[in-house]
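One chain is shown next in structure tokens, namely the form predicted alone.
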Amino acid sequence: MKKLKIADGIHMLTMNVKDILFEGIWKIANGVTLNSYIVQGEKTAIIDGVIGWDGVPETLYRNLEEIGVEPQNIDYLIVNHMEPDHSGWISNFRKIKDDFKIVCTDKAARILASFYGEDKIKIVKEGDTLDLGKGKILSFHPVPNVHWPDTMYTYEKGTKTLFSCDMFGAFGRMGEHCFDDELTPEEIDFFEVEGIRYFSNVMATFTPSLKKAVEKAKTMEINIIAPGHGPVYRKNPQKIIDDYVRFSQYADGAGKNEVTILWGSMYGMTAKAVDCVEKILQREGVKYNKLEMPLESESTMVASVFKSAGIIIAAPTYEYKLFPPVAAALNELGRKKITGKAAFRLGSFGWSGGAEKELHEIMERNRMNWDFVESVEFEGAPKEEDLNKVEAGVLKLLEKMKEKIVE
């Protein structure tokens, strides 16, 4: 766990976590940071205390003492979001100090009671304030469904610091550099990728609510954005706000100038057409991501489709329906409400078709509203005339996706 001063009277404690499934679902190969913040006036508040993932919660208390904060002197625990990666240490802390007060929204209070049996709670609503003394005044601003209904921003007026919890966060472990003005070009690229993975895996379902949260942030005078995961933005907080605007556009069908090939093949017939697709994309100079299902993780698949302006679905008919691993991937994309993508589907069949029908059922059931080029199906291995149709479909897709490109 690292200790960093981010402003006068405000410190961050941050720790890297790896080898976990985030929320018990999402594989995060590059780990994630957990950030807590301490605000000191005459009274002391800790914002989003992190659980001791290393199995030693006392690590947190020792680090507090090293920045001059006795755990027994903490007056308030600000819970921006009730998910246990931000609140899981509450019960342990009660054993050390029993008279601190939790500050949270009314919806968080209900979950605190059910998770931890807590009742020493100060419920806050939009614009409520907490004066810690010495010029440190916190205000509270609910941003529901980012990505739980209990979530809020906490804002420190003197330093103009926004403690945004999961909003404006990213997957990925941090090394020596924890501030935006310290990041190398390679680290900037790294957190671009991990930010997209984080948004698409965790947040995309709630994109309409995230848009509202972005608009609320725009009404504030912000010098620093301090999220619960990922770097702190102190030089250019507008960058991560702009990134989140762009990510929300990806959820609505926009994307980078690249194609994701989401494919599967039983006996190599559809794979022959995928080889053809690759050659066309290489010839046209278009970046592409080739994801064979079910070999790719859902985390990678969702992030790749999310950020691409064009999607090629290459999957055969299987038992009168769409090849199951690809159908499962599309259903997950539908559950994440990734809508409006430009797309093209191709695939083989044997004694009967049926994949196309299920594809349309998935799109309609999930209200995905993808903009499809006419599909190409072929019996058995693709013939030359089939590959010509595939080429025509790919070229139409590339034309269609031009209007969706947002870098």
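Fair warning: this is a prediction, and the values are worked out from it, not measured in the lab. Start at 1 and count along the sequence shown; that's the residue number.
Although it is not shown, the form predicted together with a small molecule is what the next lines describe.
- Contact with the small molecule in the model of the complex, judged by any heavy atom within 4.5 Å, is made by just one of 317, 154, 105, 304: 317.
- Comment: the small molecule is not present in this chain, but in the model of the complex one of 270, 260, 200, 207 has a heavy atom within 4.5 Å of it, namely 270.
- Only one of 188-196, 143-151, 107-115, 318-326 places residue heavy atoms within 4.5 angstroms of the small molecule in the model of the complex, namely 318-326.
- Under a 4.5 angstroms non-hydrogen atom cutoff, the small molecule in the model of the complex lacks residue 35 among its neighbouring residues.
- The shortest heavy atom separation between residue 289 and the small molecule in the model of the complex exceeds 4.5 Å.
- Mapping the unseen interface onto this chain, residue 266 counts among the residues with a heavy atom inside 4.5 Å of the small molecule in the model of the complex.
- Within this chain, residue 353 lines the site of the small molecule in the model of the complex, having a heavy atom no more than 4.5 Å away.
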